[in-house]
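Given next, in structure tokens, is a single chain: the form predicted on its own.
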């Protein structure tokens, strides 16, 4: 289209430099925070004060920092669970269901060893803890593998399948921990039984040891995508599945592997939240909130552009915003759900900014129209002095 004396064109990007992608991500976050400032204004609070409270509590408060780090671990693992299939051009919307299944599998190990009887029952953590972690990963991988197999074998839409599996897993957890289910708390309060004291996850520098999962996976996934044959095939399938098949790659196997790996990582997120976060140590009645929180791994993954290392600062920021938002909600007497609303606005803003990740706007001056043969140029007319 033309605007004044310029032509404006929208061109699809072939590549996007890393610095430019980072710039767009920062701009998206800035615009999102600016827009959400109007929500604070309508609620009768100063946006500047609200954001000061959010960041101060999340990153500079002795009580808030451990909460932020626990939320960061969960979001980082949820993000990894999303970006592994995402790099193959597929969308894992089923982290929620994979988390539910990972949590059930982890507590099934404790149940099998008699850990439901009493929270003080003596169990060997050197044996049970690794089994819980392994079971959580396998439970999530099984749930993810269903979607991956259906996608790879028959090209069944993975978004629909994973969303359906989310509901199935949600009600399966409900059956197991409520209404007399086998995992129901001994006190009968409609939630999962409490993890025995001997199985409480150890800490590293005051944080759950599951932070090691995050750091190790960041390096491992970066190595997978950049240095391995499987990583090359995943990236090739993400660029064009048809071209990957034409080159002889087994896209069925790729779909299965990325969902198995993504689901397994989601299972580790389940172990972290239900078995390693102080104050939880059970599958609580509001387990659905933790499942919904996993969807914000999609936001983090899109902002990080599927980069495992870039996931770390993004997940830390979003973890702090969610924790700090909940604190500011209480201190400034704001409406319920401010933390989720804030992250929702950031998600909408990010989706809008996806345009700039994929396209670039080119503004060019219009070329002068060709003159008929024999017509003097404007400069020639000026030389006559208007005669």
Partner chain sequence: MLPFILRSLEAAMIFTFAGLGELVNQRGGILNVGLEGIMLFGATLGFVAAQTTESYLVGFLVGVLVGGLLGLLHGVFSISLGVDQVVSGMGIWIFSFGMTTYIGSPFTGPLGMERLPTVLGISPFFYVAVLLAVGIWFVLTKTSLGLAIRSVGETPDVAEVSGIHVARLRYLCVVVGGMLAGFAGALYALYYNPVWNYNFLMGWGFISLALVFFSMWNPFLLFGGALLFGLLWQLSLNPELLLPGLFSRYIWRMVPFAVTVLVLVFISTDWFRARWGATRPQALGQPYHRE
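Numbering follows the first chain given and starts at 1. Note that the coordinates shown come from a computational prediction; the quantities given were computed from them, not determined experimentally. We call the rigid core whatever largest set of C-alpha positions still superposes within 1.5 Å between the two forms.
The discussion below concerns the form predicted in complex with the partner chain, not included here.
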Though only this chain appears here, would residue 344 touch the partner chain in the predicted complex if you measure heavy atom gaps against 4.5 Å? yes
Can you check whether residue 331 is within 4.5 Å of the partner chain in the predicted complex, heavy atom basis? no
Can you check whether residue 198 is within 4.5 Å of the partner chain in the predicted complex, heavy atom basis? no
Residue 358 near the partner chain in the predicted complex, any heavy atom under 4.5 Å? yes
Can you work out whether the partner chain is within 4.5 angstroms of a heavy atom in all three of 19, 25 and 205 in the predicted complex? no
Candidate from 317, 93, 108, 211 lying within 4.5 Å of the partner chain in the predicted complex - any heavy atom: 93
Among 295, 257, 113, 183, which has any heavy atom within 4.5 Å of the partner chain in the predicted complex? 295
Among 26-34, 349-357, 317-325, 61-69, which stretch has residues whose heavy atoms lie within 4.5 Å of the partner chain in the predicted complex? 349-357
From first to last in sequence, which residues of 132-158 have any non-hydrogen atom within 4.5 angstroms of the partner chain in the predicted complex? 150, 153, 154, 155, 156, 157
Residue 361 C-alpha moves between this form and the one not shown by 2 Å or more, core aligned: yes
